[in-house]
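Below, in structure tokens: the form predicted on its own, a single chain.
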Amino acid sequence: MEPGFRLLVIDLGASSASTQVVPPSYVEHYLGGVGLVVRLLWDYCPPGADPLGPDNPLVFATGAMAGTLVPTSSKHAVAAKSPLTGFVGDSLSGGPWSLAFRRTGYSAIVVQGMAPTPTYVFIDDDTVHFRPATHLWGRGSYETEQLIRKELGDSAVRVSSIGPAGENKVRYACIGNDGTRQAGRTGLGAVMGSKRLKAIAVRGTRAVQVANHDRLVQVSIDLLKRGQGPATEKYRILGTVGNVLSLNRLGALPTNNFQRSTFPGAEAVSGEYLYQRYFRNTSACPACPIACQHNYRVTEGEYQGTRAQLDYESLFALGPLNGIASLPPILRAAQLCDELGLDTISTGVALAWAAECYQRGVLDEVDRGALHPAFGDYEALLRMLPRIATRSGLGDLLAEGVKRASASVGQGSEHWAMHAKGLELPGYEPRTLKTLALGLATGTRGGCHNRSAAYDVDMSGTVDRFRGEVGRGPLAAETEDLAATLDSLILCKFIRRCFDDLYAESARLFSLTTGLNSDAKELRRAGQRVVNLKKAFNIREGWTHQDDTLPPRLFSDPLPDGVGQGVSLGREELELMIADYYQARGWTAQGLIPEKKLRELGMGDIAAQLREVHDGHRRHNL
């Protein structure tokens, strides 16, 4: 195995750092990326840790192929116990920070404890500096990056940082890097803020060593050429914002807080119109042939000067979900979220929940102030963003996420709190995409389309997407395993269709990089291990079968229009698919992992530790 798999352990309370070797079995079994950060989270996070307390570690890791020529490999993963869900929280980001960190000679960081005062860490190859960040506290992510580079006197330094939202422990705060890139979901920015860690700056100057350089270059160049072909054309030309009109036609575009599945203003916020009126250029992560990052600029009107990147999820959440059919304020909202360090999906869902609360007379303006969200009111939405980031007025309630906010407000508002396990839902309608409904309900991360691409099954035309039935469980599990494999290697999902045999060709890339023997079968097992490891973590932290569910609205409110008019999601229908999924996974009828299953996957140490936790719980309850 190449000698660069080193782990940096940082203790913020003691301002100390130590270097360890990542166990070879961790790389072999969990690959890197998401698999590695979750494995280290399991090791370093004590059971029952407060997500916003000093015992919750914040873990970063690259993939094994980061820093090489392998296309789309320059990404990194972050994990902690999520402040939103109380379960595993993991997120991905790409960009130059990932590459610079890998070139320090480290593959992973575990950040422990809490700094006594605001601090940033500077990793200069293998030297770690702890520097004061009081002067940076309160500043946006992009400004923080610029100031740290100036302070260190090197424009090549890359910075990963939080904005005011993370500092104020907004439960869906994100961690930004390289201007417009984010580890966006599950509230990891709040964990960073709770540690008084403003940023991690890196300067990496070392070449990444690989097992078979010449052959890896040949294979990478071939994949690079395929990455510029028809399989990625959608992402290169319009980007994911091209989904708006297609999902609207399918009756799968959530509108007005999931009250509807079609948006009358879809044409005005479509990817096509966005490209025509506001497109500036594209940019790419290092070693990426796709360049999916579309940059937009508003050149006239009230929001003139706005510059932002925009993907489908941000456009959905800040646009149709909130009834907004104008692109300039949506672009401005996306820019503000990046600066403040807010996850655009959770922010949009929280604002839509509040808009419906006011629509139904649930929130009292006198108690919450004169400013409140309303569907179609983009001025109110923009004014609310800094209030959420600073926890001011109504923003303090919304900063808790819709699960906690609705529990606090009550009055039936839980019915339209659109989340799964506390994580706000993404931009796909579960009532017309039934396999996705299963993936959202059972996902270990919560309501996430990136860890379970089950919507691919629904849109393939091979199933009846309006009906849940036996047979969806194995299909959902397969998409989840694939996502876990790609997220651990790390390879961007946008390149997945460029492979003739994804598992076999990815295994080859992994072997040429690391020197570890791997094949398609072992990569599939690795994906299964990662999914089971996440589930084991959640079980350890108190997960029960009742957590695998979806918002009441989806069960009781039939869709009022579109091709899915009259369709809802039956509770028995979802339970049927969940049982099918558990069976496909080899889990019990209650969704627990048998010890035998973990041992079959080579996870005997996890089985033993999980058994100790269960035995401790039983003794406590006697």
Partner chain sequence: MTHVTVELFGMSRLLAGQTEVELDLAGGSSLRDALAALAQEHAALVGPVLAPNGGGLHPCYALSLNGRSFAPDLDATLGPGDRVLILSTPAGG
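Residue numbers count along the first chain shown, from 1. These figures come from a predicted structure and were not determined experimentally.
Omitted from view is the form predicted in complex with its partner chain, to which the following refers.
Contact check for A407, W543 and M577: none of the three has a heavy atom within 4.5 Å of its partner chain in the model of the complex. Distance criterion of 4.5 Å from any heavy atom to its partner chain in the model of the complex singles out P230 from the list G305, G301, G361, P230.
When its partner chain is considered in the model of the complex, only one residue from E414, E400, D178, D311 comes within 4.5 Å through any heavy atom, namely D311. Contact annotation: its partner chain lies within 4.5 Å of heavy atoms from the stretch 242-250 in the model of the complex, the single such stretch among 322-330, 242-250, 201-209, 439-447. In the model of the complex, L152 stays away from its partner chain, with no heavy atom inside 4.5 Å. Residue contact check for Y275: one or more of its heavy atoms lie within 4.5 Å of its partner chain in the model of the complex.
The shortest heavy atom separation between M459 and its partner chain in the model of the complex is within 4.5 Å. By the criterion of a heavy atom within 4.5 Å, A584 is excluded from the residues contacting its partner chain in the model of the complex. Along 461-494, a non-hydrogen atom within 4.5 Å of its partner chain in the model of the complex is carried by G461, R465, F466, F494, in order along the sequence.
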